[in-house]
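Next up is one chain by itself, shown in structure tokens, the form predicted on its own.
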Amino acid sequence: MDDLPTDDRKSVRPFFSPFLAKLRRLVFFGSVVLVNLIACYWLYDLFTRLGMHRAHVLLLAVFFILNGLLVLGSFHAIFGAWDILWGKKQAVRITKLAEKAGDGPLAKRYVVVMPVYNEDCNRFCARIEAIYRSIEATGHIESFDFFILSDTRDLDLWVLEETAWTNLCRKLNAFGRIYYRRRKKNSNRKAGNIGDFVRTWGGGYEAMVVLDADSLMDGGDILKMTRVMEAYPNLGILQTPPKLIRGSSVFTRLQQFAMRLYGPLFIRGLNWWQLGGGSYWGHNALIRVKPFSEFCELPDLPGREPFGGKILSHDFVEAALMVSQGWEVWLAWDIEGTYEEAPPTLIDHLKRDRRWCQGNLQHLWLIFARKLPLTVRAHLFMGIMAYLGSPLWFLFLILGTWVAWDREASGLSNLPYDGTLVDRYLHIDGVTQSLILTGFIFSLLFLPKILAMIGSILNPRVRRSFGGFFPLVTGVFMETILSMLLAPAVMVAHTLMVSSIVLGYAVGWGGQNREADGTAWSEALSVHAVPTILGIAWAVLAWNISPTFAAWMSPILLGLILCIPVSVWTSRARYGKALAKSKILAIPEELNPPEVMKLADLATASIDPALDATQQGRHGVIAAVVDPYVNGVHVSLLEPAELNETEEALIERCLTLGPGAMSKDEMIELMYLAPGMLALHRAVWLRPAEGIHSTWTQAVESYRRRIDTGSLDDIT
């Protein structure tokens, strides 16, 4: 494909007809607004019948927003179902375009980048190995490079990453194809990490596959995406919909089952209206490097964190900048081989949400910015409301309780006013009217699940992929019940998050827990104490208002009161494994793992006893000083330098007092000094034991014992 200058590129005809795109967006959002207005009027009419309360105006306003979000979500599933049934000819885009592009060699070079931050290096190297082997199997590995972009702050993990990368390259014969880079300063977090790569090395590549540390992608699908990128010069970002995999706890199994079963409907519905104006989700996407470099430099927001400063959720903004400059962002909904992992427990999920919440609320600065296309504003709005929806829901429940309390406390019976439009033209009573509204809301809530379940049952191949009829239906039933129990705790947690951010408390940048050891009862008690107490108090209040009102509120109140045991139970891997044996909450990738997952399961190239920094007594930093192989790898990755007197004094202090006496900044400074690390290595082996700290002598002795006991084969 010709490398078109920017001005010429803009003359290329858009892939999706602008008229068709506008028509679809008008139909979709027009339907959402119309249905929401009808529902709001229906509720207003009901309030009029019952007699207006001073809280009803605010209730109506909150209902307008909440019901609008509910309609928006459900209509994605409805339009998705419509597209699956009737839009086959228009829908299969990426795979068809890739076929049309042929099977010849790629014309450009591509790179797979994986930013990491305090991760398990053997696990993320296994994913890189699987992707590498998967691309290699296509016969096009010569067109790809890989970069591990480390922002790791843990010094021991830094050394482990270096040895894992070296072993990986040795086993795959991939020196010069898989690179490792660690930033000295992790400014601007992941966005800064990717930005640093683009500025330093990006010019050598047409596009980059951006992954997370838990990402896994099939090499054949990556090849298809690069062919489409070459074939269509207006395409800036090609985002895939990653599937959740490897869930062992009940909580992650719930998430991956829901996403796998219901997700395709929402993805197809989203793709139906966004077309070339899609969004970027931060990973498992192919990004054209040149426009990303030219247009996606993120500005600092006015003010300080949490609302100002560096943009946390960079991905939506980068896609917005790309679309606003005329580049197209597609959702590659038909790319199947794209995966990620989820936090194992509700508490880990909420910790991650805290960061996402602040990042999305920062987008309030951008949603009303000038010259942004409608699709960009829609994506920003949906991201913001994913978190603002919870405090609004909480407010709606409080207002509803207030109205119920006032009505009960007044001691007056309802005096229906039967002169409203609904009564006049439909001739139904107030009770029927309220039941219809309730039924409508429940239909919106459960319609996506029902549509997805029916579609899967009617398709034998899909039904079998989820374990069959009974596991599938049982899974939907269990997921529905547990999601209802978990939702109130999430509502309270999100409300507290939004409140703390509004009060000015910013979030830090922590690593993610990807293991499923379960939540301790003490941790669950401390995290969920507030919603539990709130639920008990609210239940007493609701019962005092009336048993009928308490019954209406019971789904919410039960979720709050039971959130501690539910959080603990769903975090347990042993219960998740028990469900897996019965194929309950099973997904196709669990019952029939794809090839790239099998490759990742078998991948051990990063593990080699000949180059190992994990041994007790000489782990991480200690190994980088004592072990000749680990020291050699570490020093080879540093810039040459000469020592000054201050640095020599620093080395001497580390030798005599041990690494435990050094500050972290001093150890970082030392570890970046190539001659300093060599000097340390020589000294710990050559100096008498009396002249150096016991940490070094014990590590050297540990190494000697392995030689003396004849286990030299393990280290050579």
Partner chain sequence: MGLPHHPLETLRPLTETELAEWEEAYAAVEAYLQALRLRNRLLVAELVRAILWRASARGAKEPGVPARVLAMEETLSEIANWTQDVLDEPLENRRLAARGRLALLLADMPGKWQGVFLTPAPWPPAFKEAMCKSYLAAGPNFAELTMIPQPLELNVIGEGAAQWWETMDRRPIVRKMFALFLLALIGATVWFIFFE
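Numbering follows the first chain given and starts at 1. In this text, all values refer to a predicted model and were calculated from it rather than measured experimentally.
This protein has a second form, the form predicted together with its partner chain, left out of what is shown; the following refers to that one.
Residue-level contacts in the predicted bound form: of S526, T200, T438, Q616, one residue has a heavy atom within 4.5 Å of its partner chain, and it is T200. Site annotation in the predicted bound form: the residue of W273, F147, W333, Y110 reaching within 4.5 Å of its partner chain with a heavy atom is F147.
For G535, no non-hydrogen atom is located within 4.5 Å of its partner chain in the predicted bound form, even though that partner is not displayed. Its partner chain in the predicted bound form comes within 4.5 Å of no heavy atom belonging to V62.
The closest heavy atom approach of R170 to its partner chain in the predicted bound form falls within 4.5 Å. Among residues of the shown chain, G658 is not one whose heavy atoms approach its partner chain to within 4.5 Å in the predicted bound form. Against its partner chain in the predicted bound form, the set D214, M385 and T695 makes no contact: no member has a heavy atom within 4.5 Å.
Figure note: of the listed segments 549-557, 461-469, 235-243, 284-292, the one touching its partner chain in the predicted bound form, with heavy atoms no more than 4.5 Å away, is 284-292. Residues P609, A610, L611, D612 are the members of 603-618 with a non-hydrogen atom no more than 4.5 angstroms from its partner chain in the predicted bound form.
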